[in-house]
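In the form predicted on its own, a lone chain appears below as structure tokens.
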Amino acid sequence: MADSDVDMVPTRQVGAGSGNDNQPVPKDSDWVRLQSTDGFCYIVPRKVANMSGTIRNMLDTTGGYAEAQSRTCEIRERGVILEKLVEYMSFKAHHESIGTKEEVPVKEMLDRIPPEIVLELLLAADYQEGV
């Protein structure tokens, strides 16, 4: 897909003379690509990807990272781990508006995690800051 095909909102001023003036502002409805080390790719809404502090920083247009321009983040995890991270980020984005923690079906999410990947997933989630 060409950059001209991307639906972006009007530009914003980042700072006078910073060299980053008039960059397009990404919308939460934009899609980003998360790619694992073993070649699995997940295309998710930016809102879901932004549930991770690390990915949110990578996609921030003011940070100057290449991922912000390409909208592709290479996550240094196996595909099965990235799949569970994406699953949880989607779960978190969907349930972020719920009032109390008691109303969130956490057991439903925990039942989906195979015991053999729990430790690896814990380390990956810790690296992703806030997943």
Partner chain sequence: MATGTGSRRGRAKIMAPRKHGPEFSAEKTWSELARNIREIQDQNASNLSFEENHRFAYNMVLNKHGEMLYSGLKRLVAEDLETLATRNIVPHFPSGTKDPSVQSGEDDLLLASLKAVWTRHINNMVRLGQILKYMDRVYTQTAKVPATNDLGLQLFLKHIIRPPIKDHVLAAILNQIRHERNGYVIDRSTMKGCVDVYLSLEGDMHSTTIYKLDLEPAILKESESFYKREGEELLNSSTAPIFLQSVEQRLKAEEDRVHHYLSSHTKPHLLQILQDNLLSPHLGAVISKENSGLDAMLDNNKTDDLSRLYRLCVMVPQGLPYLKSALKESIVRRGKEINGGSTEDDFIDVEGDLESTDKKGKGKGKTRGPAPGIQPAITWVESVLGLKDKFDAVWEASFQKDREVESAINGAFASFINMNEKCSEFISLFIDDHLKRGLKGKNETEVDEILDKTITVFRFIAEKDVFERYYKGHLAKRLLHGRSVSDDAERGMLAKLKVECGIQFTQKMEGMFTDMRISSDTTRAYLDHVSKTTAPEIELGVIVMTSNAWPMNHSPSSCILPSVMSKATKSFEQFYFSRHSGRRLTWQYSLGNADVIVQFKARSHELNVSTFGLVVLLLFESLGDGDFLSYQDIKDATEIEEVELKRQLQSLACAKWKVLQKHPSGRDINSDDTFSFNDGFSCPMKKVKIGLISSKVENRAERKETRDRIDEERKHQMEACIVRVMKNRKHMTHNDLITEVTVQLTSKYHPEPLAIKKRIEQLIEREYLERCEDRKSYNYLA
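Keep in mind it's a predicted model, so treat the numbers as computed, not measured. Numbering follows the first chain given and starts at 1.
Beyond what is shown, the protein has a form predicted in complex with the partner chain; the following relates to that form.
- Interface membership of residue 88, defined by any non-hydrogen atom within 4.5 Å of the partner chain in the predicted bound form, is confirmed.
- Among residues of the shown chain, residue 65 is one whose heavy atoms approach the partner chain to within 4.5 Å in the predicted bound form.
- Contact annotation: residue 58 falls within 4.5 Å of the partner chain in the predicted bound form, judged by heavy atom distances.
- When contacts are judged by a 4.5 Å heavy atom cut-off, residue 74 counts as touching the partner chain in the predicted bound form.
- Each of 78, 113 and 121 is positioned with at least one heavy atom within 4.5 Å of the partner chain in the predicted bound form.
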